[in-house]
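Shown here is one chain on its own, the form predicted on its own, set out as structure tokens.
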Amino acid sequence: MSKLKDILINKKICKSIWFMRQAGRYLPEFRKIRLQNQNFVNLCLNSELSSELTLQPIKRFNLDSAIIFSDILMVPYALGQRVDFIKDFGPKLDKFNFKVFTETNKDSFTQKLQPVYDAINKTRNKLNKEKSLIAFIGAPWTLLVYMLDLKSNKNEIDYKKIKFKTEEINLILNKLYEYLAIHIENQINAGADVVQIFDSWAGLIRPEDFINYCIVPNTKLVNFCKNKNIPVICFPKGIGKNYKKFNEMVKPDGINIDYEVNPNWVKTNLKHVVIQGGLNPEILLNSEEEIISNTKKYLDVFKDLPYVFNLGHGLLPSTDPDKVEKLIKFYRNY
């Protein structure tokens, strides 16, 4: 076992395991706190509770890394857009105001997110020094999808909703990059030692827009991290065979794969990068035998590569914590 930071920097072949959304609704201890804190944004801004939630899966499972309890949409919130999380629906953002967005200043942005940085600091002080503390951001394109409400009910992008010219969209993406860079640096200064970039809707980008909306923004963020010696993992979910192009052009330290790409294809095509993830979180809803057999597929394929065991998306609310524990035990004994 080694710190995630060391694996990403030195490309070590050793055991490491953590889960996306490991602090979440599948844990009874999380649900107890969530029941008493209905406003999700306010919960993310409660540094004491955010730190406690971050540490819950570490206390329960002794995972190798903690990821701060927050949300990618805290950035649009700090840029002046109202964010609500509606039960059984998900996040809903107020209509995007171009003027408010462009007039937000860096001091105001940092001040609004200071409780997140305080939570990271509190967590780092409580967390075993041998464990990594992961900060995260949403990639510019994915944030744009939420901010402009671009998704249709069919999980496609409704380009008719884009009321801005191409140059204005590029301005928004560039402005998002600036603030995401600030958010990354603030999280690292507070005590995080790794950053994960979630481009959750990268798979919905039109082929002709892929370079401009996915490759370019992610490359800028990865280069920023590398210039600051910050290990960085990218998760461009849903891009299929474009994972190869993404890896070759963006050059992250680590790349999280989703469950739609074949691990054997990944092994052949993704070079000079630490692979992370892959297992479909729905597998954890199945029998213990199915969980173990599917997990073993990934472990067998990547056994001679630097690989961090994780999922191809976040843990589902209906996941049984006992099954998570059995999976971790199997992994550690593998």
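This is a predicted model, so every value here is computed, not measured. Note that residue numbering follows the sequence shown and begins at 1.
Below, we turn to the form predicted together with coproporphyrinogen III (CP3), even though it does not appear here.
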### Output flag, 20, 24 and 85 jointly within 4.5 Å of coproporphyrinogen III (CP3) in the predicted bound form, heavy atom basis
yes
### Query
Out of 259-267, 158-166, 246-254, 88-96, where are the residues with a heavy atom within 4.5 Å of coproporphyrinogen III (CP3) in the predicted bound form?
88-96
### Query
Quick one: of 81, 242, 132, 200, which gets a non-hydrogen atom within 4.5 angstroms of coproporphyrinogen III (CP3) in the predicted bound form?
200
### Message
Just to confirm, with a 4.5 Å cut-off on non-hydrogen atoms, which of 283, 45, 58, 67 contacts coproporphyrinogen III (CP3) in the predicted bound form?
### Response
67
### Query
Does any heavy atom of residue 30 come within 4.5 Å of a heavy atom of coproporphyrinogen III (CP3) in the predicted bound form?
yes
### Task
Determine whether any heavy atom of residue 71 comes within 4.5 Å of a heavy atom of coproporphyrinogen III (CP3) in the predicted bound form, and answer yes or no.
yes
### Query
Do residue 146 and coproporphyrinogen III (CP3) come within 4.5 Å of each other in the predicted bound form, heavy atoms counted?
yes
### Query
Does at least one non-hydrogen atom of residue 117 fall within 4.5 angstroms of coproporphyrinogen III (CP3) in the predicted bound form?
no
### coproporphyrinogen III (CP3) in the predicted bound form - contacting residues of 292-327, heavy atom within 4.5 Å
313
